[in-house]
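Heads up, the chain below is alone and in the form predicted on its own; it's given as structure tokens.
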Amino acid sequence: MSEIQLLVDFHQAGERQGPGSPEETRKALALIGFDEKEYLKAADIGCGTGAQTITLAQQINGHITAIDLFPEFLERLDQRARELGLSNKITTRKQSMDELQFGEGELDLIWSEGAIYNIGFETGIKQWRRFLKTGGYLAVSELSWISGSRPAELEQYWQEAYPEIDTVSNKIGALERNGYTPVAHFILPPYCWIDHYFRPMQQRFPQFLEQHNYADAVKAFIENEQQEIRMYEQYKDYYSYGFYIARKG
């Protein structure tokens, strides 16, 4: 089984595929301040199993197209939407986030939590801008430094894992360079990582190992996940996800 297959197999059982929480999704939406009567056409790009998609559907008047590359994630989201009576507000679509099939200026809102790194922050905000209406909003969470200086071990770890990690001010600068007006930003607190992402993952590790007969590839996969957890627990004062909200000018 390839690393990608292992990743999908493991994470399809999770409520989240990255740090976040319903509270932070609602906070970001409140900072935009849509009129409750306004009907919105939205896209959730890199939705995973759709924890934030569900929260958005419960909050807005409108329709959300949920995009992900992996059908296993989308099937889980479809099931949850049916169970919660939200199928009329959510349509899932298997698609790569760098090959989106929306019309020019079609969307009022583009949402992406913990997923834009797959194509890179600046690439993503640049490519996706054309799908927003003038005055439409972009809301994305993105790995960010929250300190001006970092331990060498941490710097090396993230430069290898995601070289586009950068400071909050530089992320905001990228938005400004690419035709957006920054509206608000905030940093995800530790419980978004620990309580909503890492601890549920750790609870699934033993069963996942047993399910795959303790294969070496699975052990290596889990060790990589454990290493990310250890790094965050040791160095959480230096980085997190920043949630960035901007308007298309």
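Quick note: we count residues from 1 along the sequence shown, nothing fancier. Note that this is a predicted model, so its numbers are computed, not measured.
Below, we refer to the form predicted together with a small molecule, which is not included among the displayed structures.
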Using a 4.5 Å heavy atom cut-off, are L69, F73 and S96 all in contact with the small molecule in the predicted complex? yes
Y117, heavy atom within 4.5 angstroms of the small molecule in the predicted complex: yes
Taking the shortest heavy atom distance, is C47 within 4.5 Å of the small molecule in the predicted complex? yes
Please determine whether Q17 contacts the small molecule in the predicted complex, using a 4.5 Å cut-off between heavy atoms. yes
Would you point out which of 27-35, 48-56, 202-210, 218-226 contains residues with a non-hydrogen atom within 4.5 Å of the small molecule in the predicted complex? 48-56
